[in-house]
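Presented as structure tokens, the chain that follows is alone, the form predicted alone.
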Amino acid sequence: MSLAEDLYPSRIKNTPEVLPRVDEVVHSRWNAAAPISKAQTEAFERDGFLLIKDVFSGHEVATLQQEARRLQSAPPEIDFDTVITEPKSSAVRSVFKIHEQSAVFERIAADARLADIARFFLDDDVYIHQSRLNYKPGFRGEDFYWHSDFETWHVEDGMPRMRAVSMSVLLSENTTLNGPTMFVPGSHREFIACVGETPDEHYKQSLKKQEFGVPDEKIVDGLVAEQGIATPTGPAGSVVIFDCNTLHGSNSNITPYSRSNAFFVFNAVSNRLTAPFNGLAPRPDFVAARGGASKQYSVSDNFSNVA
């Protein structure tokens, strides 16, 4: 069992519950030197997510799209375990650890347009806790059910506190039709404790379809009734930033329009993983980087310099 204090117990009781968040959302005080505006900072703190359109140029997007297609084909140099297929087919659902398996995505992870915002929100040096490509091809892209990333990262990986942010780089246009990520605004301010004892090696199933760490439907219904559902959409090259505890999910994609996004999860160096809070063995490194970081991002470069 983890030696760290469990401030967010989950999958322990037989009934779900909602616990208060004890961590800040934005750990820095906004100032004129911040990498985003005061209005954007306030929107992120209020809603738990933020859409910034046209962060990356058309040339940069084309480079990223080409590399995403290459990784989707599972080239021989890619670790087979990091390639996740859909639950009902052999279609590639996700490729993990892209920042260590691709020089292109390694550069984008260190790009100032991402890492500087992460450092500002977390008020710390940061490292990549997890990176992945999520593919949702036309006609057959499956859904991602409602969840808080932090619930899983806390219980199964040992992330102590809510001091991590995700950056979703849109590699194709995300519309209201092709299964974009949906968020419940304001849901990051509460922690939904889930039920169900976590099985051993749960990640082998959950990366395809999550069945443990799933929030109670009545709780989700209540949150949505109060706060609604938001679907930030935008052209390729936009970035959706969201707090680690924001409730989100996405529908399946039955349209002809494929959707693909690259995710980079920045964790504060001070929030390094401890032992998992479920008492089980840690998930593999490609799902959750342990030991503090493979690389800390304290100085950023610009991807356009090499794209």
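When you see a residue number, it is the position in the sequence shown, counting from 1. What you see is a predicted model; the values in this text were computed from it and never measured.
This next part talks about the form predicted together with a further copy of the same chain, which is not shown.
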Candidate stretches 31-39, 277-285, 62-70, 253-261, one within 4.5 Å of a further copy of the same chain in the model of the complex by heavy atom: 253-261
Interface membership of Ser90, a further copy of the same chain in the model of the complex, 4.5 Å heavy atom rule: no
a further copy of the same chain contact in the model of the complex: Met182, any heavy atom under 4.5 Å: yes
Any non-hydrogen atom of Glu217 within 4.5 angstroms of a further copy of the same chain in the model of the complex: yes
Thr85: touches a further copy of the same chain in the model of the complex, heavy atom cutoff 4.5 angstroms: no
Contacts with a further copy of the same chain in the model of the complex, stretch 121-148 (heavy atom within 4.5 Å): Phe139, Arg140, Asp143, Phe144, Tyr145, Trp146
